[in-house]
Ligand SMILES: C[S@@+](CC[C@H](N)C(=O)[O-])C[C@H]1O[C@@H](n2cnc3c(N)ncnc32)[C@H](O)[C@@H]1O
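A single chain, nothing else alongside it, follows as structure tokens in the form predicted on its own.
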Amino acid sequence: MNQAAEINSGFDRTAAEAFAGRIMQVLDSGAVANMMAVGHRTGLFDVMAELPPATSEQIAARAALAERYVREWLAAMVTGGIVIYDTGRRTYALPPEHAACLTRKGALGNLAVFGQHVAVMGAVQDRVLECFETGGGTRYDEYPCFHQIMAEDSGQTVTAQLFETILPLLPEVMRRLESGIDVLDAGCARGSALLAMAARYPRSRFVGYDLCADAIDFAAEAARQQGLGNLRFERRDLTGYDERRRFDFITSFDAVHDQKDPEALLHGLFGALRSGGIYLMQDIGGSARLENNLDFPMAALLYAISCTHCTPVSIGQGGEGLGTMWGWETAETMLRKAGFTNVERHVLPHDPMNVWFVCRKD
């Protein structure tokens, strides 16, 4: 566009150039996120957190990785503002303030786990483009490492906080778990929360259902290795779920919005509870209204995950595709329609992206 045309059209070149600069930053940050995932999966962040400033050779040797690739990764991390480079000594350092949210022992949780979603979105892009054209959906098994990523996420937001933060929301359940009750985790994936509870409460009986065979096989093997005779896992499609008055306590962690029919599942879970039973549901805490999510933590990432995974997976099962950001308002309405008259909503300090519903059956 020439200068005269810009003037006539009201085109604001300064604003356009500023926006182009922002897009360049977005592209740069996307690359950094992908490299963060590499640093997480290779253990490089964990290694660097335990080392003083070191050369690429020293870091590669400690991590048992090829130095040339480690050096190139370090360059991406330095220019991305993650790692500090000493040009005189040619050493690299991960400041403790950065390690706090990038390592498996980080005091602020491991945000590098979420960088893996960026890589997965790229891996399935062609498949998702087909969905844009056809309106069709996808299957869970089309997403590489999906259950590994979700297990890592659940490990720090659910399992690590289970006994100190989450179950204390339900003191009566903790007492009953000690004496022995029947527990279901609906959509259990690799079952880390159930494994922890089954070990902690040997008098209670635990069951985990999930659609994906690989996740169930992983969970069952973990239970076998730990010798947990009070826990079993079963591959099960929860569409049309209709067990009656079988459980005293039911949980689902970041699982309901992916289902073919979340509302029908919640009705089924209500029916599966005995009188006086409790349902604990964790799900994404965003609003059903886009305008309410403009300042929600990592909202753009969550909408992107929804577009590339949660929505097409639901549609692939024949569902309506509510998506990741189906909204706490939608979830609460469905819970009450399912029959729960006593519904409490909690947001926990360690987990600002999720909402926790405590639902009691009279």
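Values in this document were obtained by computation on a predicted structure and should not be read as measured data. When you see a residue number, it is the position in the sequence shown, counting from 1.
This next part talks about the form predicted in complex with this ligand, which is not shown.
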When you measure heavy atoms, are Leu162, Met174 and Leu194 every one within 4.5 angstroms of this ligand in the model of the complex?
no
Answer with yes or no whether Phe253 is in contact with this ligand in the model of the complex, where contact means some heavy atom within 4.5 Å.
yes
Does any part of Glu130 reach within 4.5 Å of this ligand in the model of the complex? Heavy atoms only, please.
no
Would you please decide whether Thr239 lies within 4.5 angstroms of this ligand in the model of the complex, comparing each non-hydrogen atom pair?
yes
Any non-hydrogen atom of Leu269 within 4.5 angstroms of this ligand in the model of the complex:
no
Assert contact residue (this ligand, in the model of the complex, non-hydrogen atom within 4.5 Å, options Asn110, Thr138, Ser204, Gln259) equals Gln259
Counting any non-hydrogen atom inside 4.5 Å, which residue from Phe146, Trp73, Phe249, Phe114 sits next to this ligand in the model of the complex?
Phe146
Tell me which of 148 to 156, 287 to 295, 273 to 281, 81 to 89 has residues with heavy atoms within 4.5 angstroms of this ligand in the model of the complex?
148 to 156
Considering only 54 to 69, what residues come within 4.5 Å of this ligand in the model of the complex, judged by heavy atoms?
none
